[in-house]
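Starting off, we have a lone chain in the form predicted alone, written out as structure tokens.
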């Protein structure tokens, strides 16, 4: 094994814990420390030997972290932290507000270029692995149509967005795909489906004492980029019910490309994920891309990049010779 890549974790919620677990399965990567806005002594890492530091101490650590994995939320954490930290560190994040990815890319690109750093944004599974498969599908079947279905599963990004609504104490959101729509796409029919026809969203919300349920519901169902384009149901439940019935974090989905290679032949490409833990799988993707980012920076590639810019071989701990012998 070559040089061990030194990793820092910024933020230690479900995603940060997933990154710590994933690093333990990658011997060419080592965890330098966890950096948090919370009091460091209040955190208990999976490995008690892992040191925990204040987030604001990162400025003095640029020399001993090869890649910093950003584990904050997309709604308010990453828009601020991504550009700021990319100025000093190679970074990987999971920014997942699809409509704002172009502007977020631009915000991160400038500071990363100025600092000679490589910043990979929007990794995970969507955006991320699903993005790659959408690109493959379009390239391989140019005469075709792509449909993406999510769920049934718990969406971290949408749950986080609900939790930031005034009056919400806790919440989870499930994305539910339409089986009828999936079957029509798999058949090669190429239906033109609206956003509302493909998925519904179901929210389970614990209110803060005295909160106005109607105001909270209106704020959720009308939220742009998250709920406004979907049929959204909001259930108000107790904290006890939330902890008992909604603690697991499954998710998954499909990317389906159907197209014609000639008038006589229809082809269908399907990529599927079935995840018992959304944050642990997302974390596993971030860790693989941290390896790639370290290699890209060593090759002189600086600025913001996405999963669409990274050669697949850079994700692997194996050498190019091993990959040619074992996987081609």
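Positions refer to the first chain, counted from 1. These numbers were taken from a predicted model, which means no experiment stands behind them.
The same protein also exists as the form predicted together with a further copy of the same chain; that form is not shown, yet it is the one meant from here on.
Practice problem: Tell me, please, which stretch of 50-58, 286-294, 66-74, 34-42 lies within 4.5 angstroms of a further copy of the same chain in the predicted bound form when heavy atoms are compared? | Solution: Result of the contact check: 286-294.
Exercise. Spell it out for me: taking a further copy of the same chain in the predicted bound form, does every residue among 132, 135 and 272 have a heavy atom no farther than 4.5 Å from it?
Key: Yes: 132, 135 and 272 each sit within 4.5 Å of a further copy of the same chain in the predicted bound form.
Self-check item: a further copy of the same chain contact at residue 313 in the predicted bound form, heavy atom, 4.5 Å
Solution: Yes, residue 313 lies within 4.5 Å of a further copy of the same chain in the predicted bound form.
Quiz item: Heavy atom to heavy atom, is residue 213 within 4.5 Å of a further copy of the same chain in the predicted bound form?
Solution: Output for residue 213 is no: heavy atoms all beyond 4.5 Å of a further copy of the same chain.
Quiz item: Using heavy atoms and a 4.5 Å limit, would one call residue 126 a contact residue for a further copy of the same chain in the predicted bound form?
Solution: Flag for residue 126 set to yes.
Exercise. Mark residue 143 yes when one of its heavy atoms lies within 4.5 Å of a heavy atom of a further copy of the same chain in the predicted bound form, and no otherwise.
Key: Residue 143: contacts a further copy of the same chain in the predicted bound form.
Exercise. Give, in sequence order, every residue of 90-113 that has a heavy atom within 4.5 Å of a further copy of the same chain in the predicted bound form, or say none if there are no such residues.
Key: Counting only heavy atoms within 4.5 Å of a further copy of the same chain in the predicted bound form, the contacting residues of 90-113 are 98, 101, 102, 105.
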